[in-house]
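Before any questions on binding or motion, here is one chain by itself as structure tokens, the form predicted on its own.
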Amino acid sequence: MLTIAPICGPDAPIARANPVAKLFAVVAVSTAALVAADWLTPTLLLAALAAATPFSGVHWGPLLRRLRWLWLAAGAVAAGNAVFAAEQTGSILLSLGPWELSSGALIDGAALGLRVCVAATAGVLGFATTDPTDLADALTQQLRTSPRFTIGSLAALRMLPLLGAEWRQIVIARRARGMEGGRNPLRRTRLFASTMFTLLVGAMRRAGRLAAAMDARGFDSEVPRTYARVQRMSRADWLFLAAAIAVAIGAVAISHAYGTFRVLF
């Protein structure tokens, strides 16, 4: 089921952290992983994220279900970069005619896949422990983002579960009318495209009605807004953010000490 609700216990230490603190923690860890071009730095960061997962209140099952497609994409990125590398360095591990796979290309591809895994895991772990309404409150109060943009984005996120339900309704309705792709890949592709177009048209109509309703309720007003829930950075939030930055710096320092650290640019 498509949902944006947090999948953590409300009493977990990371779940209680300020959304802005978690946002900057995710940025710090992801930046360290994406800037480093070696394999050791993202591996250490991924191990740190695994160690922090029990403190987030998120169970491994729901977390892995949210991560499976992202990790699959990371594996595809790693394999593609290893197989189609511009230069095969190191020892040749596999040779099939004109195609060769070397140890250097395999390590570089694995490093790229690990970087994608770190960024995906940090983002999913951060958003899985954050209520979207609390995030919108923190962005407007602490980062001074535009209320029109932030509240509109929150309303759009709240509509995401409806897209999954509407997709199932469209598919069931077309199946009842005998519109099925069967085993024909061309027919299945055309049916998928037409279903996606129908869903897009319905989403645009719903978005227009929602925007008009929000404007009628004063969400477009320039009058300063008040907030029902006040978001502040506590000492624990600053310590959490400092710990995330320390982990990112520590991973880079360990990688540099072992002589494997390389800057991507």
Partner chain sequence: MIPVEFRGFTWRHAGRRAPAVAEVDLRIEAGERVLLLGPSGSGKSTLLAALAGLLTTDSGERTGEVLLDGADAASQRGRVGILFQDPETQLVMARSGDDVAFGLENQAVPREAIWPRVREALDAVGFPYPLGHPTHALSGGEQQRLTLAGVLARRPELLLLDEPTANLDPEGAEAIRSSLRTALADTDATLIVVEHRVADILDLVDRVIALGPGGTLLADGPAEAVFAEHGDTLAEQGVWVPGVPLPALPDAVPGEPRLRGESLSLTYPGADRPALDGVDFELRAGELLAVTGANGSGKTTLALLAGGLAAPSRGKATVPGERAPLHRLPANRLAARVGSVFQDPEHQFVTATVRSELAFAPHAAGWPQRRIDARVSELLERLRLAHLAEANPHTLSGGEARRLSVAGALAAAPGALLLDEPTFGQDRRTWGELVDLIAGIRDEGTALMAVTHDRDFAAALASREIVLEDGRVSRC
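Quick caveat: nothing in here was measured; it's all calculated off a predicted structure. Positions refer to the first chain, counted from 1.
Here the subject shifts to the form predicted together with its partner chain, a form of this protein not shown in this document.
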Seminar exercise, completed: Of the candidate stretches 24-32, 56-64, 38-46, 194-202, the one with residues having heavy atoms within 4.5 Å of its partner chain in the predicted bound form is 194-202
For this session: Report yes if any heavy atom of L143 sits within 4.5 Å of a heavy atom of its partner chain in the predicted bound form; otherwise report no.
Result: no
Exercise. So in the predicted bound form, does any heavy atom of Y227 sit within 4.5 Å of its partner chain?
Worked result: yes
Exercise. Counting only non-hydrogen atoms and a 4.5 angstroms cut-off, does L162 reach its partner chain in the predicted bound form?
Worked result: yes
Exercise. Is the gap between L239 and its partner chain in the predicted bound form 4.5 Å or less for some heavy atom pair?
Worked result: no
For this session: Sort through A110, A128, V116, I151 and report the residue having a heavy atom within 4.5 Å of its partner chain in the predicted bound form.
Result: I151
For this session: Taking only heavy atoms into account, state which residues of 178-217 are within 4.5 Å of its partner chain in the predicted bound form, ordered by sequence.
Result: G178, M179, E180, F197, T198, V201, R205, R206, R209, L210, A212, A213, M214, D215, A216, R217
